Ligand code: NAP
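Starting off, we have a lone chain in the form predicted alone, written out as C-alpha cells.
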Amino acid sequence: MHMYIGGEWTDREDKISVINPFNNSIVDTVPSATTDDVELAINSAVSGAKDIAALSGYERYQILRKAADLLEERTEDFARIITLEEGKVISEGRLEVSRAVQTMTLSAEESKRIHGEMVPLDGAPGWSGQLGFTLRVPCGVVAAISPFNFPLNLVCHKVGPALAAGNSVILKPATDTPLSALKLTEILLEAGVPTGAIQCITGSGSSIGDPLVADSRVRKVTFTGSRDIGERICKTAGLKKVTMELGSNAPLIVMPDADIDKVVKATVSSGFSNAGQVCISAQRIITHEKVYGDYLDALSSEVELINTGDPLDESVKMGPMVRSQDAERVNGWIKEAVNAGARTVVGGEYSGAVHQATVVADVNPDMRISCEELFGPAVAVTRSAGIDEAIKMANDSNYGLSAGIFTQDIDWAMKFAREVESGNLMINSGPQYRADLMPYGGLKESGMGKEGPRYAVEEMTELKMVVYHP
C-alpha cells in the first residue's frame, strides 16, 4: 500500500514489510517516509486545516457519519486486515471494527455540539455592562501517533474527534500495523474529508516522529504508546497541546465476598484478550487470602481452555503477540519471577510469537512481572490480608490507568473508588472495560488528557474569551 501525503497516494523506494506475526509471511509493504515527506505532509495539513475549519459542524457530521457507514459495510475486510497485521483472533478483529464504527459515529455527533458559554461578568466588581462569552475553535494541525494493538479503533479515537473539531490530521500509524490506518484514510477521503485535512504517513517513529512532533505548525499531539516514548514526545514537542495515553500494570482486587465465577470470567477476558497486549489488561490480581486458593483453582481451569494458534481460525481463542521478541520477553519475566519464588500454575511456554496463556502465583509485588508493564498473556496473582493492604499494593506503582475490584461491600467499593490512584475505576468488573463514549485517560505516569470523542474534542480545540464593552 502507499501512504497518503500532499493530496496524493505516494510510494517510496525504501519499503517496510508488514509481517503476519503468526506465520511471518509478508502481508503487504508500505513506504518508509523521510523527513522531506514529513515537511510535505505538514505543508499540506496547514492548508487542509483551513479547508476543514471552513466547513460547518453539520457538514463535518455528514462526512464522519458517512465514514462510519462505509466502515460498517466493510467490517469483514477490516477485521481480516487487523488480524493479519496485528495477530488478534478474528472475533476480536470484528469487535474492534464495531467499536471503531461507534467511535466515528460518536465523533460525528460531537461535530454538532462544539460551543462556548456565557461568562457572567456582572459577578465581577466594577462591572459596567460588559458581555462575556467563549468560543471554542480548532487547534489547527493535529499529529496523531497510534499504537499497534488497536490499529483501527485507537486511530479512530484520534482522527474522528480531530476532524469533528475542524482540525487537519497527520496520522502516523504504528510501524507494525499501518494497513488498517491506510484503509481508513481511503474511507475518509471517499466520505468527503478535504484532501489536505488528512495525511497518513508511514515509517519508523525514530526517523519521522521527532520532526513531526517538534514542528511549530503542529499545534496538538495525541499519542498512545509506551511511557518512555511518551516522555520523549513531550520533551520534543515544546509549547503545544499534548494528550498522552501511556502504559499501565492494571490491578484487579478480589475481596473475600466476591463471586469467584464472575471474577474468573473477568480475569480471562481482561487478562488474555489480544494476547494481553492491552494497556488496561488485568496484570496484578490482588487476591484476599481467604479466597486465594479457590480463585487460583477456578482460574486455572478456565485458562487451560484458552487454545492458541492461527488467529483466522474461528475456534482459536488467542493468537500470537505482535513480535516474537515480545513473547520471548514475556517468557523471560515469567521465568525471572519463578526463580525468585513465584510459581507457574498454568502455561509458561512459547513458540515464536505465540505465548501460552499463563497464570503465575505467589508473586511478590516487587517482581518485574508485577511492578512493570508486562503487556502480554500472563497474570500475576498476589495475596492480600484486607482492603487497606490491597489498595496500598494497587497504588504502589508509577502507573494509574485502570483498576478493578470485586466485592459486594459498598464501603469497600467506595473506599476503592476514593483511594485508588487510577483514571478508570471498575467495580465488579475487570479493569479492561472501556465504553468508547466515556472519558478515558490515566493518572501519574499513565499519561495526561482524556480520550472518548466528547472529551477528545475539548482536548483538540482552543478556548477564546470574548468581551463586548458597551
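Note that residue numbering begins at 1 and tracks the sequence as displayed. The structure displayed is predicted, hence computed values, not measured ones.
Below, we refer to the form predicted together with the named molecule, which is not included among the displayed structures.
Listed range touching the named molecule, judged in the predicted complex by heavy atoms within 4.5 Å, from 238 to 246, 364 to 372, 130 to 138, 300 to 308: Heavy atoms within 4.5 Å of the named molecule in the predicted complex occur in 238 to 246.
Report whether all of P147, P173 and L401 sit within 4.5 Å of the named molecule in the predicted complex, measuring from non-hydrogen atoms. Checked in the predicted complex: all three residues contact the named molecule.
Work out which of G203, G347, G319, G166 lies within 4.5 Å of the named molecule in the predicted complex, going by heavy atoms. So the residue touching the named molecule in the predicted complex, by this definition, is G203.
Name the single residue among A191, I229, L121, A258 that comes within 4.5 Å of the named molecule in the predicted complex, judging by heavy atoms. The residue in contact is I229.
Give a yes or no for W412: in the predicted complex, does one of its heavy atoms lie within 4.5 Å of a heavy atom belonging to the named molecule? The answer is no: W412 has no heavy atom within 4.5 Å of the named molecule.
I'd like to check something about F223: if you look in the predicted complex, is any of its heavy atoms closer than or equal to 4.5 Å to a heavy atom of the named molecule? Residue-level check for F223: yes, a contact with the named molecule.
Would you please decide whether Y61 lies within 4.5 angstroms of the named molecule in the predicted complex, comparing each non-hydrogen atom pair? Output for Y61 is no: heavy atoms all beyond 4.5 Å of the named molecule.
May I ask you to check whether D210 falls inside a 4.5 Å heavy atom distance of the named molecule in the predicted complex? Although the named molecule is absent here, D210 would touch it in the predicted complex, with heavy atoms inside 4.5 Å.
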